[in-house]
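This document contains two forms of one protein chain, each encoded as structure tokens and listed individually as structure 1 and structure 2.
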Structure 1
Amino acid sequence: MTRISRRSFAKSAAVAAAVGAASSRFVMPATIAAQNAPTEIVFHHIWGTPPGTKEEHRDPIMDVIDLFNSNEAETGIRVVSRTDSGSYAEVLQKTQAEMATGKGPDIVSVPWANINWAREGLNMRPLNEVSDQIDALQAGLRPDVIPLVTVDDQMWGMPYAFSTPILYLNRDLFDEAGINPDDVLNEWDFLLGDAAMALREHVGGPLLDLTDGQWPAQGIAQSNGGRVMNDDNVFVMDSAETIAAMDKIAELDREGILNRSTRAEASASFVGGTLPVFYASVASLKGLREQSQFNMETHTFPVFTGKPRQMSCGGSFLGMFSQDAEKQQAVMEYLKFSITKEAYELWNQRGYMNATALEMPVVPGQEPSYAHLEEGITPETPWPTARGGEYGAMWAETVARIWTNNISAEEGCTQIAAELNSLVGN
């Protein structure tokens, strides 16, 4: 065994001290480098590009992020893109799990209907916290989209994936039957008219799909002068106007005009060419066009005779989840960048509506969504309290029951309004 004498110990200690001192020369620059390291912000969203995807199918959001990161040396900020799921609910679920571990993302795509859950349940921060930049951000947006994310006078996110439901139609089926789509789809009553019946005869099945219709149900109720929830967070779907609007759709079901299936089946039926009309977000335009083998067109939602249309928005806004002031500044830098001309031109290819003050080309097929926007679009119902998602699901179930004549419109609307108002303590 090697014996350690006092002398050898002293020698070793001296050598170690010398090596330590020498190595500190190399440590110092590393420390400085760490100080100069970019501020990294994690952007958690649903638009990731699956591995192995062809370059032409790469999601535009990735180009926006790459473009921002290409200026990393100047901005000192790096955005890390994260997509764990294509479902908004799952993205929020992951966000919740990460926040629980104290390592939450900095920016998250939050569905409009979940705004209250994100505020109350996930500690989403108002953009006003970065007060020196809020004006610059707002200046880059369309003025009419800012109220959509404003709660209690604070701006809770940046409208970005901005959409509205529209109708997609198989023009070939209409042409084969010799029918002009406007004669069927301009008004709800037209769907019970002669042209609609002739088209139904031609296709031998239902004409229109409104499955999972909670989203368009809001617009349909509003277009008849009704509401789902008023500005005081009171559920008012038991109004005569909302009941009448819901009953009109139920009537379509009674006449065999409305398709009954799951959402996935309806999508397959439309793409497969057997269902003439299908509702979806305007953001589905690119995907549906790529999948369908027929001449696909888009159309505005029908109106109630003599009444203005008023649809709701949909999609998601970008919420700020950073709790740290430095990262919040970085988030604002990215948000401001993402609505600059060069970045938004890339994003605009995704098919959402233009939420900015910039002039952007309208993608052919997007016209109905802009018509909805010009007519005055409302926020999607911000289901109140942290249990909001559950309330939204209860309303969605009632809509489905009414539209399939499982329950009358009056009974369904009255019951659900009473139940929801009781749950939120109205």
Structure 2
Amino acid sequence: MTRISRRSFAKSAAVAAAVGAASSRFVMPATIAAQNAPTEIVFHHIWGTPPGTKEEHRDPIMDVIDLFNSNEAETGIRVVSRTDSGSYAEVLQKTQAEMATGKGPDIVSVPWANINWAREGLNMRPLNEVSDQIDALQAGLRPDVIPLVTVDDQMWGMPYAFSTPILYLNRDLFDEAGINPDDVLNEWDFLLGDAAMALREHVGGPLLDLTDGQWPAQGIAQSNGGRVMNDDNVFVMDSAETIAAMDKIAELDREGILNRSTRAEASASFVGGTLPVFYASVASLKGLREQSQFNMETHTFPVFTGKPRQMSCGGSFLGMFSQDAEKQQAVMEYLKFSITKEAYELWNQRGYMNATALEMPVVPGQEPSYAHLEEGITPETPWPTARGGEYGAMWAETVARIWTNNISAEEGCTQIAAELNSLVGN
């Protein structure tokens, strides 16, 4: 299993930075720039404002796109931003339906876990097959992130939204109860200890939200020595280690520590100041900080006593979906631009970890994600085949059932491993 660490990033960054500096400016091929009318490429992603919703906070991705489009007269390219949903799955489902009609978008934000769904079910194109600009693109990236989008020696997109799950906490609630967050959050067993119970009594309800927890479930399993799927695409969540890890979270539910409301309700409770701890991507840092009126801090995920933490990465890469040769070249130019210094300084404010060869400051609050990276993180489970999205959803449903004690960890993990292995043909 591939592991990525901050130390290996540091070794590769010095080499990549010298090359990446050469591509830090935005230069367009004359064949594109000379056109009378701009080539429009549609960028379908999750970071904008979906139709029917109010834009409360402008996302940095819009500033990146606007900066690119400000050079339209020179480049002959215009990016059209589109956000139909804030859900990765819904974006991919809409993309799949459109690709079937031949009218799909040109760039799509694809979660790492859905790389096989996009390759085999959505006709995503490998970058090295459609462009001779691959070396220039890779020069601007840290070499250690490139394997995240490499399958069968082909690069299937550009690493961009690079994250880990972290914990967000309301420090005011901890201080009011006289509780040190480390005494509650450093180890999973601490969440069942005296400090956690005192905090629970103070707030009068659950302490921690892990709803929609399929993503952190992988890191929780790995941190107990388990796996969800091994390197041979065999589902192994029925191991004793993974079962024990899942049961630990179910125990938190049994003791009233785990929040049982919907994800939206939990988010509202945290922002409203009544829920002490909320799990989310490090990329939620900017938005949660802007919405919260209390002293918000971030924290690493707990560990199992005596065992190393090993979280997985999350976020997404930018995949090439255009089937038109001219638009494919335009897409490559946008991808290269988006990791130049002028563009990435804007994107870096979003909260994601730095995936480029550029030197970028650590945004306050990102420290837990970089601590996870230092310890060594793994790629998010790449669910196999064009049905990968379905398989991931099946595991997510099982995790939810286990963590709410609807089914035992042993029964749930054993059943889903057998079912998924049967579907994949293992």
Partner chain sequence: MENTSASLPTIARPRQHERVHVAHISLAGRIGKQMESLAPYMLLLPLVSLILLFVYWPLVYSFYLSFFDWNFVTANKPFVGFDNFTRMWNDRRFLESLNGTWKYFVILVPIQVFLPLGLALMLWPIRKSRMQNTYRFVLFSPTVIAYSVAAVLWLWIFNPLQGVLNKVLIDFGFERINWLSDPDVAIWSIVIVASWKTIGFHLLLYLAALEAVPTDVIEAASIDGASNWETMKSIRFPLITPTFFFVLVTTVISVNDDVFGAINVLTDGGPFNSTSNIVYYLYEQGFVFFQIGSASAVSVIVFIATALLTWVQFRFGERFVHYG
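Note that the structure is a prediction, hence the values are computed from the model and not measured. Rigid core: the largest C-alpha set superposing within 1.5 Å between the two forms. Along the sequence of structure 1, residues get numbers from 1 upward.
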Checklist entry - Only one is the form predicted alone; which? => result 2
Checklist entry - Relative to the superposed rigid core, does the CA atom of residue 190 travel 2 Å or more between structure 1 and structure 2? => result no
Next on the checklist: Checking residue 64 here: with the core superposed, does its CA move 2 Å or more between structure 1 and structure 2?
Outcome noted: yes
Checklist entry - For the rigid-body motion of this chain between structure 1 and structure 2, what is the smaller part's rotation angle in degrees? => result 14
Checklist outcome for this item: residue 126: Cα shift between structure 1 and structure 2 after core superposition, Å, came to 2.9
